[in-house]
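Presented as structure tokens, the chain that follows is alone, the form predicted on its own.
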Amino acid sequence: MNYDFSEEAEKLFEAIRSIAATAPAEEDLAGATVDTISAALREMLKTLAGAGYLQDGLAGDASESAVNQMAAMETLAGQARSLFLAVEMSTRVLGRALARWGTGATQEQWREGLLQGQWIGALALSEEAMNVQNDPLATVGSRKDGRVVVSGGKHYVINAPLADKIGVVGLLDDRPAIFMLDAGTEGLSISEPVPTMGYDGIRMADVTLDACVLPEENVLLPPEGTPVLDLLRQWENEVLMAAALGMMQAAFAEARDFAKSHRSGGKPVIAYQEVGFKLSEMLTLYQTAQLLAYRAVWTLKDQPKEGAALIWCAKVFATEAAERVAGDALRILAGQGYRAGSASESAYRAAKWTQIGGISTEIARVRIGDQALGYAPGR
């Protein structure tokens, strides 16, 4: 595995840092209206598309491309936490599904619209429980007079109140399918935004489909036997891993800078041995999580079965480490960190979503154990 980034990759990272620096602060997004957040997200999508970020990694199959993509995502997540998650659910997850399974001119148009930043997308996957692996999909489509009629309900849908295109995961002909709905589709209703513990700048809502009628071309039907749910959750996990890395990066930097610039008892905070130990532990956790995430996406390209297990390992380690690093940062920052608006305070709350989103850390542990014992199904 080559740990060096090319000059082209470094230029992309720098462009992402510049774009993220212009984004509204997390605390400003917290109380903003849906229209305000929509405008900020659309502007970021447009500028990221111009930098090549939205398309990064979707076309290339090389392991280096996957590592570059993870590093680029981490860079954005470290500076624009909520907008990062909104961008990724629109493009890295829904856009990826269209890139892999989309057929025909209409689906190609949707893919290009998302990857060029023209539209905001949302993927509606979770139902009554977030774990769709154990609970069968209850959102079902049926064919009628050359069209498809879909009914069902989804919860915890990031971007739902903002989205132009919503991909709803359900069953058609007893096979997993993704039903593509425009925001104004008759029978589609979206709840008021759901208040969240962290990620103050995202807008999440529930989605209900009441006999929504779609043309056949609005249905993505992956080839039979494709592990659709596992792949969608895997892509979510990659996003959440990058989110966790970005949180650790931001929390560590804030605590380190505070310890160097502030004084207590007549000397810099960093001069206290326990503070130095705490910073060293934080940096160790961050860099270990980073290397594990890079190795997981690297391996996934050439060894899918082994890579999938490593993704679960990286998801567990990185997202739980993010909570610990943010918590340690708050201890160093003391009162300044406890105030709303610090990077560490925001990361501490947001880390919980990275643990329960995608495949939760508890279920991931079960899968890791099954893989180690040889029980996990092959891919």
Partner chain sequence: MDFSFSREQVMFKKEVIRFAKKEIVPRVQEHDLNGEFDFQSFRKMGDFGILGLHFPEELGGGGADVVTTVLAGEALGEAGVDGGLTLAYGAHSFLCADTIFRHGTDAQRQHYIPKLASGEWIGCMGLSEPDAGSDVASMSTTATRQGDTYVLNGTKMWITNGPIADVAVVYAKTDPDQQHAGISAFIIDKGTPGFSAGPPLLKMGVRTSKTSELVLNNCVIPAENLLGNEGEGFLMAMQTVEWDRSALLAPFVGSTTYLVKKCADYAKGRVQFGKPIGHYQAIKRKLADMRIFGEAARALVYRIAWCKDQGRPLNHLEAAVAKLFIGDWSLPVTNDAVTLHGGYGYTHEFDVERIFRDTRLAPIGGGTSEVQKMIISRLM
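Everything numeric here is computed off the predicted structure, so don't read it as measured data. Positions refer to the first chain, counted from 1.
Unshown form predicted together with the partner chain; subsequent notes refer to it.
- For the three marked residues, E281, L292 and D370, a heavy atom of each sits within 4.5 Å of the partner chain in the predicted complex.
- Contact annotation: E43 falls outside 4.5 Å of the partner chain in the predicted complex, judged by heavy atom distances.
- In the predicted complex, the partner chain lies within 4.5 Å of some heavy atom of V366.
- The partner chain in the predicted complex is not approached by A51, whose heavy atoms all lie more than 4.5 angstroms from it.
- The shortest heavy atom separation between K260 and the partner chain in the predicted complex is within 4.5 Å.
- Between the partner chain and the residues T208, Q118, Q109, Q287, the one pair within 4.5 Å by heavy atoms in the predicted complex involves Q287.
- Exactly one listed residue, out of H155, K165, R256, R96, brings a non-hydrogen atom to within 4.5 Å of the partner chain in the predicted complex: R256.
- Residue heavy atoms within 4.5 Å of the partner chain in the predicted complex occur in exactly one stretch of 87-95, 145-153, 305-313, 199-207, and that stretch is 305-313.
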